[in-house]
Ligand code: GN1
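Let's start with one chain on its own, the form predicted alone, as C-alpha cells.
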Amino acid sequence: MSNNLAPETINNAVAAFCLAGSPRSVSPHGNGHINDTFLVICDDAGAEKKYILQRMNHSIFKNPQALMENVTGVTSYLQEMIKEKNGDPDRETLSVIKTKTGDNYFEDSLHNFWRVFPFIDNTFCLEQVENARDFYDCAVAFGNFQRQLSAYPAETLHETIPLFHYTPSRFQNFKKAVADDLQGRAASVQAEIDFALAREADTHALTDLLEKGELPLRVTHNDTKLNNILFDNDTRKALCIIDLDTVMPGLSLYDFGDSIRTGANTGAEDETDLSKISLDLSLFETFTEGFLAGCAGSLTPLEIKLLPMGAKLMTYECGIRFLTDHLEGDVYFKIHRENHNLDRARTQFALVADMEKKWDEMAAIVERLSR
C-alpha cells in the first residue's frame, strides 16, 4: 500500500465519516508500512479537531469487516473499563468514528476500505528503548491490556490473519520451503535449517497446553512493539495502545514474548555481527516486573511460569518466518539488501541460543518476581 492516492479518493473517504466541523487539511501521517495513514484537521466553529484516517491494507487483512468488528468490540469494552476506573476513555484507548450511515468502516467505489479514529493529542511514540523506565512503562501498558480484557470473550474475536502465531503451522511452512527450495538457497543455509529443525518440539510447547485447556485463551495484541504505544508528552507515561489490527484470540505469552524479542535484544533485528546479539537480562527483568504489575493477578500460575518459553518461542517463530521468506525468494518481508531476511533469521536464532544459555536465570527472575 502507498499514499499515492488521488486527492478525490481521499476526500470522498473523509466525507463519508461523521466528523466534527469542516475538513481543512488532509496530509500523510506517520511511518507505518501496512496501512495508508492520514491526519485530517477540521475546523469546528473555530476549534481545531484532528482525526486519523486510514486505508486498511486488504491484501494483508483480507476481511476488513471482521477486523473492524474486533477493533470496535475491544475498544468499546476498554472504554467502559476505563470509565469504571475514572480514567479518560478519550485518551486511554482508541475510539472508532462511525460513517454517516452508522458503519465502522467505509468501502469506496474502488473497493478501498477506510476507517477513522480521533487523533490523541499531546502524545509521542518511541521507536526504541531509551531507558529502563520506558521499557517498564511499556510492560505495564501491555500487561494492563491483558488485565482489562481478561474477562472479554476471546473466542468471539475473528482471526484477522489466520494461524498468525500458531507455531506448528509456521514450522510446516518452513519445512515445505526447505523441501521446495524454489530459489536454490537451501544448501547455503544448512546450518540455519539444522538449528530450526533441532527445535521442532518447541513448536508445540504452548499450543498443546492451549488445546488441553491448561492455558487460557486470551485477547492478545500480537504486535507488542514499543512504537505501538502512545506516551503522554507531559508525564512520559504509557497512555494508549494502538495498532489493533492483529487483536485476536491467542495466548498472553505471545504478547510478552514478542516484547522481549524486540525490546530486550542487545542488537538490531538485522544486525550482521552476531556477537552483538544477546538477551539483556536486566531488561528482561524490567519488562517482566512491569508486565506482571500491569496484569495485576490476572495471569494463571502456569502462564507466569511459561513466560521464558513465550520469549524463546516468539523469537524462534520469527526466525523461522524470516528463514522461510529467504528460501521462498523474499516474497513477504521487505528487504533492503541481499540476504536481508537471512540476516534477520540469524539474529533471531542467535537470540534463541543466548536465551537457552540463560534459561535458568530467566526462570529464576520470573519465579522471584511472581512471589
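Because the structure is predicted, anything quoted here is derived from the model rather than measured. Counting begins at 1, following the sequence as shown.
Same protein, other form: the form predicted together with the named molecule, not shown, and the subject of what follows.
J.: Taking 4.5 angstroms as the cut-off for heavy atoms, does residue 164 touch the named molecule in the predicted complex?
T.: Output for residue 164 is yes: heavy atoms within 4.5 Å of the named molecule.
J.: Do residue 280 and the named molecule share at least one heavy atom pair within 4.5 Å in the predicted complex?
T.: Although the named molecule is absent here, residue 280 would stay clear of it in the predicted complex, with no heavy atoms inside 4.5 Å.
J.: Taking any heavy atom pair closer than or equal to 4.5 Å as contact, tell me whether residue 158 reaches the named molecule in the predicted complex.
T.: Output for residue 158 is no: heavy atoms all beyond 4.5 Å of the named molecule.
J.: Using a 4.5 Å heavy atom cut-off, state whether residue 329 contacts the named molecule in the predicted complex.
T.: No, residue 329 stays farther than 4.5 Å from the named molecule in the predicted complex.
J.: Within 4.5 Å of the named molecule in the predicted complex, do 77, 256 and 297 each have at least one heavy atom?
T.: No, none of 77, 256 and 297 comes within 4.5 Å of the named molecule in the predicted complex.
J.: To verify the annotation, which of these, 26, 309, 34, 335, has a non-hydrogen atom within 4.5 Å of the named molecule in the predicted complex?
T.: Looking at 26, 309, 34, 335 one by one, just 34 meets the 4.5 Å heavy-atom criterion.
J.: What is the one choice in 173, 228, 207, 104 with a heavy atom within 4.5 Å of the named molecule in the predicted complex?
T.: None of the other options qualify; the answer is 228.
J.: Select, from the options 177-185, 149-157, 218-226, 198-206, the stretch whose residues sit within 4.5 angstroms of the named molecule in the predicted complex by heavy atom distance.
T.: Answer to the contact question: 218-226.
J.: For the heavy atom contacts within 4.5 Å of the named molecule in the predicted complex, list the residues of 243-282 involved, in sequence order.
T.: Residues within 4.5 Å: 243, 246, 258, 261, 269.
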